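We begin with a single chain expressed as structure tokens, specifically the form predicted alone.
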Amino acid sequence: MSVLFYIGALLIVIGALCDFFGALGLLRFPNFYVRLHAATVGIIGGAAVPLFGVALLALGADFLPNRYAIAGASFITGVIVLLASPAGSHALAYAAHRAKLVEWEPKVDHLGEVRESD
């Protein structure tokens, strides 16, 4: 077993923990915005980090055929998830804020100026 195998396995375990805590946050957090944060943690930590772990596992496995293709596809998919997930979460939060779909008491409302100017 190589060092890449152990690092990849550790990243997969970290991804499982992020999925668990993201799901727990979806169930326990009080409002939409905080739940959206928990979902984003679950997506980034639970999907992108294990994909990087799979890429390292594939590079470390000498017996695996097409290991460079598996590693490359996993890495590219992880990068796409890393770029798309925060953008999607931001779009959902911004749309919910502008449509006033979620009732909440803001401590600081930086988007209030944008809403008042429209």
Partner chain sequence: MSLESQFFLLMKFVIPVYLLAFIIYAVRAFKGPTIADIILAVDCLSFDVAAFMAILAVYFKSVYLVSGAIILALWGYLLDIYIAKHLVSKEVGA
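Since we're looking at a predicted model, the values are computed, not measured. Positions refer to the first chain, counted from 1.
There is also a form predicted together with its partner chain; it is not shown, and the following applies to it.
Taking the partner from the other structure, its partner chain in the model of the complex has no heavy atom within 4.5 Å of any heavy atom of V108. Among heavy atoms of L56, none comes within 4.5 Å of its partner chain in the model of the complex. In the model of the complex, W104 stays away from its partner chain, with no heavy atom inside 4.5 Å. Of the residues in 77 to 96, those that come within 4.5 Å of its partner chain in the model of the complex through at least one heavy atom are, in sequence order, T77, I80, V81, A84, S85, A87, G88, S89, A91, L92, Y94, A95, A96.
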